[in-house]
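Below you will find one chain, with nothing else, as structure tokens; this is the form predicted on its own, and questions on how it binds or moves follow later.
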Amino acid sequence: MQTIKISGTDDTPGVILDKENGLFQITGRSLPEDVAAFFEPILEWMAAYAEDPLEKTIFDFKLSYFNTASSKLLLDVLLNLEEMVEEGHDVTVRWYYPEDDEDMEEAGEEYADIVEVPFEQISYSLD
């Protein structure tokens, strides 16, 4: 399975989907001009991965900002992970947020309420 590595920019998140090394993460800021086009290969990769996932999947979200359009596509990523859980796979989401950013903390809490996936909320210092 081919690895996806997208370097983050001011408008697009960094993405690593690397089955071989068990590394799954979306980081940075997400406000791409065409959010559907940006997330399409990610969602396609996730669907293929769900056919034969690792024994344990830990997916890290470490976003500093995302717009409304991105929030729907992030939910689609989480719904893919939820389907894997429903099929009996071991999946954990780690939602990282800056310790002083209540909006990002609440976003993680809201996603955790929507999807049936084990969620870890992890605050970190920007220092």
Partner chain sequence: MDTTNTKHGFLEFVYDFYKTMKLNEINLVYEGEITHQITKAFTSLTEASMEKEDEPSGVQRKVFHVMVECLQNISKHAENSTVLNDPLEGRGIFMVSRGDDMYKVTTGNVIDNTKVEHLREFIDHINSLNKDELKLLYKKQIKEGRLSEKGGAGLGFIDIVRKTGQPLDVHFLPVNENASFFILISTITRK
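The model shown is predicted, which means the values in this text are computed figures rather than measured ones. Residue numbers count along the first chain shown, from 1.
Below, we turn to the form predicted in complex with its partner chain, even though it does not appear here.
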When the contact criterion is heavy atoms within 4.5 Å, does A47 count as touching its partner chain in the predicted bound form? no
Looking in the predicted bound form, any heavy atom of L73 within 4.5 Å of its partner chain? yes
Can you check whether D18 is within 4.5 Å of its partner chain in the predicted bound form, heavy atom basis? no
Even though the partner isn't displayed, in the predicted bound form is D11 close enough to its partner chain, meaning a heavy atom within 4.5 Å? yes
From D101, E83, D60, D90: within 4.5 Å of its partner chain in the predicted bound form by heavy atoms is D101
Any residue of 24 to 60 with a heavy atom within 4.5 Å of its partner chain in the predicted bound form counts; write them all down in order. R29, L31, P32, E33, V35, A36
